[in-house]
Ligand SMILES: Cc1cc2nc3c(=O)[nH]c(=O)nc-3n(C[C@H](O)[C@H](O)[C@H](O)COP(=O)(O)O)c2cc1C
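First comes one chain, alone, set out as structure tokens in the form predicted alone.
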């Protein structure tokens, strides 16, 4: 009992915010934990071992109002495996938008996948301002909700939680603009480069 596998669905899993959220979850989980980054591309091997776990926690960022392609590839592989016993599925989803409800379409996609393939869905935490909140004084709001999520999963009492920074939209936009300008300067990218759709081609 209490065996959970955390699947990091981020395209940049080893250096992602999702990894940091998974690390927070580990602080509050009382049982056995295994971890898997989808970027390792060993989906078949991991899917074949899921019957050994009680819970599966998907941790990923919102990508164009949906699931990252890297996570979709993992789920496609999971479709191939017959269900004798499978873990209950949970999710931590973070987005750059201030409103945590922006994550709802992605959450509904996970729920639909579970319904279509016979998996049980459990609990979820949707995080707004996920790119920045971990480096602000408001991080304790996230920690508190991650702790609640871990407890809900442990007790088998499904819940859906939402958290964001307690800022007005105007304040959030102002702060986020400063954040990205500083981030760009750190990587030698100016505002004009950030505003073009060809930024990746130009900085390679």
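Residue numbers count along the first chain shown, from 1. What you are looking at is a predicted structure, and each value in this text was computed from that prediction instead of being measured.
From this point on, the text means the form predicted together with the named molecule, which you will not see here.
Between the options 160, 35, 65, 32, the residue in contact with the named molecule in the model of the complex by a heavy atom within 4.5 angstroms is 65. Proximity of residue 123 to the named molecule in the model of the complex: non-hydrogen atoms within 4.5 Å are absent; the residue sits far from the partner. Interface membership of residue 113, defined by any non-hydrogen atom within 4.5 Å of the named molecule in the model of the complex, is ruled out. The named molecule is not shown here, but in the model of the complex it comes within 4.5 Å of a heavy atom of residue 97.
With a 4.5 Å cutoff on heavy atoms, residue 131 counts as touching the named molecule in the model of the complex. No residues of 32-53 lie near the named molecule in the model of the complex, the criterion being any heavy atom within 4.5 Å.
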